[in-house]
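What follows is a single chain, given as structure tokens, in the form predicted alone.
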């Protein structure tokens, strides 16, 4: 029964997309693209065993872009009634007629449209009730509170589930459907001993509820991380190696992908301007996309413009192999779309094979970063300065927690200074990386 309802929802979105394309063409649009979506979910948050939040949410919407030659108009609506849809089409067409022509505007090239749609197994609804979600959250929180008497308060434990569909279609004759699910359990705790108080968290996210860590394991990990941070202290200002844990290391990759994005390149606002073909990492660094991993959080068959995805290297042998381009930025640069309208898909930094313990030994003395605070990163110069907390390491062993320090450098030097990439890969996102060890950074403390 549920499968029939879901098939009906997809068919409804597809029919709506076809109707919108036809309506816009009848109003004189020379090219049109439309995205429709529908989804529903449940969110529960518990704090100190009491239900803080309980939400059922259902969302739907449509956005369309029309082109009159090189003039572009866009409009969207969350109301999918016939009247609202027609008004939205009319609004997009009206806007387009008043905009200036843009030589680079238009749909992605027709020959780049996806033609194969392998089943990536991304849709696994979680039939959990509100009562069951509350019970899971309480189990998770209880495991955290039972871990240590130093756990004195809770910062919220949540259980969320979402499933949805989307349809993208355009006047090239392309229509593609995405269906997906995403579930998570998260736990935040507060610990106190004397005058020292700290908070930390842990979480698990997956497309299948069966792939989530157990609530007991999540609660215990959240409490363990929180207690370990007690009695943090600054260190004397120094220059030393820095080791980023995987959840934090992901941000280093995001700074790089921003620098090689099409918009940064054509706006000349990148510290890696015109760097295609340049060696900007050590030779062992490989960064690549894998869009077709079954059940992965970043998997898809096509990008937001319908362009077919493919496995590709962004960096190989330390050399930049590709920018990240949608159709607009590609035309501005005189290049071809790389299928990255809307971002990357399962971006993976290849490990050099060491465990976290081995990386600590290799680092010797330095800072293990577990949290970053603030964001002072200059996308044009690459200058990098962020507040950080974590642990001071000597002789490859963690000595004590660290707080109130700033780590600084220049991203160009930091990338060249990567010494190793751990095998402790975090798969809970569309960017996959292990811990990253950087040879030397400025650590500003007391």
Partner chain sequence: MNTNPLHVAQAAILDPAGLSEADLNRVFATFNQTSIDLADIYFQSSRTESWSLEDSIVKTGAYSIEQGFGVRAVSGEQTGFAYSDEITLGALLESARAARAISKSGKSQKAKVWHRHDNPQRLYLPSDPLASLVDTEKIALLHLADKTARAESSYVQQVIPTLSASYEVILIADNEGRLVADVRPLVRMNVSVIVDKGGQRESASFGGGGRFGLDWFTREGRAESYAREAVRQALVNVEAVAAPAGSMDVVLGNGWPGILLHEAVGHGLEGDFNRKGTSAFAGRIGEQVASRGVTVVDDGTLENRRGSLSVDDEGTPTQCTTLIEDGILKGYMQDKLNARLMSAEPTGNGRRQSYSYLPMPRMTNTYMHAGDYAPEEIIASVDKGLYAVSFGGGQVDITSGKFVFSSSEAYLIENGKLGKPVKGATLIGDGPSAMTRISMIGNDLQLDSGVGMCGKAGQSVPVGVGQPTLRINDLTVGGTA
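Residue numbers count along the first chain shown, from 1. Because the structure is a prediction, the values reported are computed rather than measured.
This protein has a second form, the form predicted in complex with the partner chain, left out of what is shown; the following refers to that one.
Colleague: Of 311, 211, 376, 115, which residue is found within 4.5 angstroms of the partner chain in the predicted bound form when only non-hydrogen atoms are counted?
Modeller: None of the others qualify; the residue that does is 376.
Colleague: Find the only residue in 299, 170, 337, 88 having a heavy atom within 4.5 Å of the partner chain in the predicted bound form.
Modeller: Residue within 4.5 Å of the partner: 88.
Colleague: I have 75, 273 and 381 flagged as a candidate spot, so tell me whether each of them has a non-hydrogen atom within 4.5 Å of the partner chain in the predicted bound form.
Modeller: Yes, all three are in contact.
Colleague: Going by heavy atoms within 4.5 Å, which of 415-423, 393-401, 25-33, 54-62 lines up against the partner chain in the predicted bound form?
Modeller: Residues of 54-62 come within 4.5 Å of the partner.
Colleague: Mark residue 361 yes when one of its heavy atoms lies within 4.5 Å of a heavy atom of the partner chain in the predicted bound form, and no otherwise.
Modeller: Output for residue 361 is no: heavy atoms all beyond 4.5 Å of the partner chain.
Colleague: Can residue 279 be called a contact residue for the partner chain in the predicted bound form at 4.5 Å between heavy atoms?
Modeller: Looking in the predicted bound form, residue contacts with the partner chain do not include residue 279, since no heavy atom lies within 4.5 Å.
Colleague: Please tell me whether any heavy atom belonging to residue 175 falls inside 4.5 Å of a heavy atom of the partner chain, as the geometry stands in the predicted bound form.
Modeller: Residue 175: no, not in contact with the partner chain in the predicted bound form.
Colleague: Check whether residue 266 has any heavy atom within 4.5 Å of a heavy atom of the partner chain in the predicted bound form, and answer yes or no.
Modeller: Output for residue 266 is yes: heavy atoms within 4.5 Å of the partner chain.
Colleague: Though the partner is not shown here, which residues of 96-118 have a heavy atom within 4.5 Å of the partner chain in the predicted bound form?
Modeller: Contacting residues: 98, 99, 100, 101, 102.
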